[in-house]
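Single chain ahead, written as structure tokens, the form predicted alone.
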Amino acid sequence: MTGVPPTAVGTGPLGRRRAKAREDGFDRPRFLKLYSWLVYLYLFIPIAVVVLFSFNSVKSLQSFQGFSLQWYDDFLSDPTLRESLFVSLRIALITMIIATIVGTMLAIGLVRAKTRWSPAANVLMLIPLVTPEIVAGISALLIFSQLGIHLSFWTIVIAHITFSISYVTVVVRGRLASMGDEVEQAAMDLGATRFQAVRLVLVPELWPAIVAAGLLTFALSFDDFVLSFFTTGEDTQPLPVRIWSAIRFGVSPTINAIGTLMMVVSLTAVIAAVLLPRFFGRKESGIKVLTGQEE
């Protein structure tokens, strides 16, 4: 292409035909749009059916007769189910707070600590993310049994925190890796200690990612079943475990109502995680904060 002006490239008949094809959209594989919509329908139609039949006026999972809120009323009127809901909310809230604090500290240490062990530590932190959750649940059960710890509310919390720390670390580390340490160095040059530089300079910059990671952890913990199943004791069961116990005796529209409410709580947490960064003055989408793509 030496000596050929840039404007001359692609101006021949073939180039004009390709430009015309792009304008007409013929170079775009239109079947991909159809394929994408089919995948979305496959994923969300079962959820839509659950939501729809949670409003069914009759006790039927096959025929929808009309709208009614009686199954939601049955759920909220049942003290056992209501207590399980509050237990799940407490577990998710405690998990969110502790896992967010520990995960944020771990992310700062992994990014800012420049040692020969840093690459290995970063890989080690990802192991809980790729480990099957049932393996994590069995491992937690075996550890509690070996240590003689009685299964209770707090064993569920400990298991959820252990599993959630890596999620927080990944989100916060993605944001932190895109930041330089110049501002921290400037703060220390002005007399701040390392801890003050982290507390007064670094954490405020990381705050949107920290909040987003915490809300994501809340959603994951709230509807987690596997860890809760293996670590629950004689105390009140979390709502996912309670639902599983009820399904063994048959599926009723009340289960649909419970599932719909749980989905609303989880979606609310995820949507808040996506939107909250904008309330902190960030122009980027919260999705980029969660995936570590924020500039």
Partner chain sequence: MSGSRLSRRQLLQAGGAGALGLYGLGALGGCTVERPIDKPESTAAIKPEIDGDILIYNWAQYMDPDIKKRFSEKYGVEVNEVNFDNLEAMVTKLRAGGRYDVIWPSTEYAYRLQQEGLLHRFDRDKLKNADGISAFYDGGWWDPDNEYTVPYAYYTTGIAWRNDLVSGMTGSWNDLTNPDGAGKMFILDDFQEAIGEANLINGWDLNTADPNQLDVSKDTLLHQKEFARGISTNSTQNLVNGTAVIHQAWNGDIVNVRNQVDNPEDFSYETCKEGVPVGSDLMCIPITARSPGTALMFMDWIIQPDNAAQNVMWNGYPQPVDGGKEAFASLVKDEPSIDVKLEALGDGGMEYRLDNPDDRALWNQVWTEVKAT
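As the structure is a prediction and not an experimental result, all values here were calculated from the model. Positions refer to the first chain, counted from 1.
Keep in mind that the form predicted together with the partner chain is not shown, yet the notes after this line are about it.
- Interface membership of E83, defined by any non-hydrogen atom within 4.5 Å of the partner chain in the model of the complex, is confirmed.
- At a distance threshold of 4.5 angstroms between non-hydrogen atoms, E205 is out of contact with the partner chain in the model of the complex.
- Residue contact with the partner chain in the model of the complex: S57 places no heavy atom within 4.5 Å of it.
- When contacts are judged by a 4.5 Å heavy atom cut-off, L142 counts as touching the partner chain in the model of the complex.
- Contact residues in stretch 53 to 69 (any heavy atom within 4.5 Å of the partner chain, taken in the model of the complex) are K59, L61, Q62.
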